[in-house]
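Okay, here we've got a single chain as structure tokens, the form predicted on its own, with questions on binding and movement later.
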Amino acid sequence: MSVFLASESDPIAHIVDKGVLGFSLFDQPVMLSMITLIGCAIVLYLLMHKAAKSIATGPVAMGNRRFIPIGSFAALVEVVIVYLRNEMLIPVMGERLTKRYLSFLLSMFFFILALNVVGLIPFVDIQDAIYGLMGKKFDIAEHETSAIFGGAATASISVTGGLALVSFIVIQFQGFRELGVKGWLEHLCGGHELVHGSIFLWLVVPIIFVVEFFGLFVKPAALAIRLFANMVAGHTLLITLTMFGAMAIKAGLGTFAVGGITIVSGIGAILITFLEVFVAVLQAFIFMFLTAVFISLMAHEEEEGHSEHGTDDGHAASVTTAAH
């Protein structure tokens, strides 16, 4: 029960990814984040599949009602998708690239959001509390946990690094597909105009190439570190607040002092939780949006002209689609 009350002296111990007790693969421990990733992916697929069926247009006999999603969850998903597509992605990427990468970007957004939200729910502490009430005792090392699901997966740099690696592959795939090898190299050297421009401009080409080459890796690395740092900071603050009551008990304070500290810290933890929910959504959006920006940078320059008018065209396309 001490774990459930977060009475440990080190709040980081609740965040660090641990191996699941009794699970191993190729003589390597199965990390809790791995099971959480798979579990969230399965649940998210089932929820989105159900939402897609509820959003799908019904038979003509239903009249205008066939355009209305069935259920509040499906309606929420549709609103989020339409907003992200029309107001965020099309103005940045243009309709052509948005249509090509919309499924990937939305999958990344909802998947990261699901991982962030699961990290806010104390599944690990609840499982430890249940095991304690059942009288189960485990010989657990510091790097192990008896929980089989939960934890802050996005507070693990290996998880955020893996997500960033996927973004990196898609970004470079877009670059080679859109520009070709020659165009990709010219992009790293500052663009076609600079490479084929005045001979005096060639002096800056090596500098630009070095900056752009390292930028290929810095951009996805920044995505991974930003998501990782925000999740670790938020969870550490939340866990620290919940520790104050147990720390007051250990310090031998009076009943009124312990009660007062517990109430104040509990209220603070609730307020921080609301802030963490906002951060969870925001970080999922930032990861997706910056990935979209990096993909659009690998498009032909004329795509920028389409992006400037993408919002109006996107609205017209969505209205036309809905009308039909």
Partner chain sequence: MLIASTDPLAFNLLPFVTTIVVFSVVAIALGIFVWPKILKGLDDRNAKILHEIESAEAARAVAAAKQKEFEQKLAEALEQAAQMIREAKSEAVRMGDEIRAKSEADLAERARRAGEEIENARRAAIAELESHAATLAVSIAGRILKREINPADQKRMIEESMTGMSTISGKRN
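Residue numbers count along the first chain shown, from 1. Remember, it's a predicted structure, so these values are computed and weren't measured experimentally.
Omitted here: the form predicted in complex with its partner chain. The next part is about that form.
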Are any of the heavy atoms in S72 no more than 4.5 Å from a heavy atom of its partner chain in the model of the complex? no
If we define contact as a non-hydrogen atom of the residue within 4.5 angstroms of the partner, is G266 a contact of its partner chain in the model of the complex? no
G162, heavy atom within 4.5 angstroms of its partner chain in the model of the complex: yes
Taking the shortest heavy atom distance, is T57 within 4.5 Å of its partner chain in the model of the complex? yes
Heavy atom within 4.5 Å of its partner chain in the model of the complex, from candidates F110, F123, F168, F244, belongs to F110
Taking 4.5 Å between heavy atoms as the contact cutoff, choose which of A41, V277, L297, L290 touches its partner chain in the model of the complex. A41
Pick from 200-208, 100-108, 182-190, 249-257: which stretch has non-hydrogen atoms within 4.5 Å of its partner chain in the model of the complex? 100-108
Suppose contact means a heavy atom within 4.5 Å; in the model of the complex, does that hold for all of Q172, A221 and T273 with its partner chain? no
Any residue of 34-51 with a heavy atom within 4.5 Å of its partner chain in the model of the complex counts; write them all down in order. M34, L37, I38, A41, L44, Y45, M48, H49
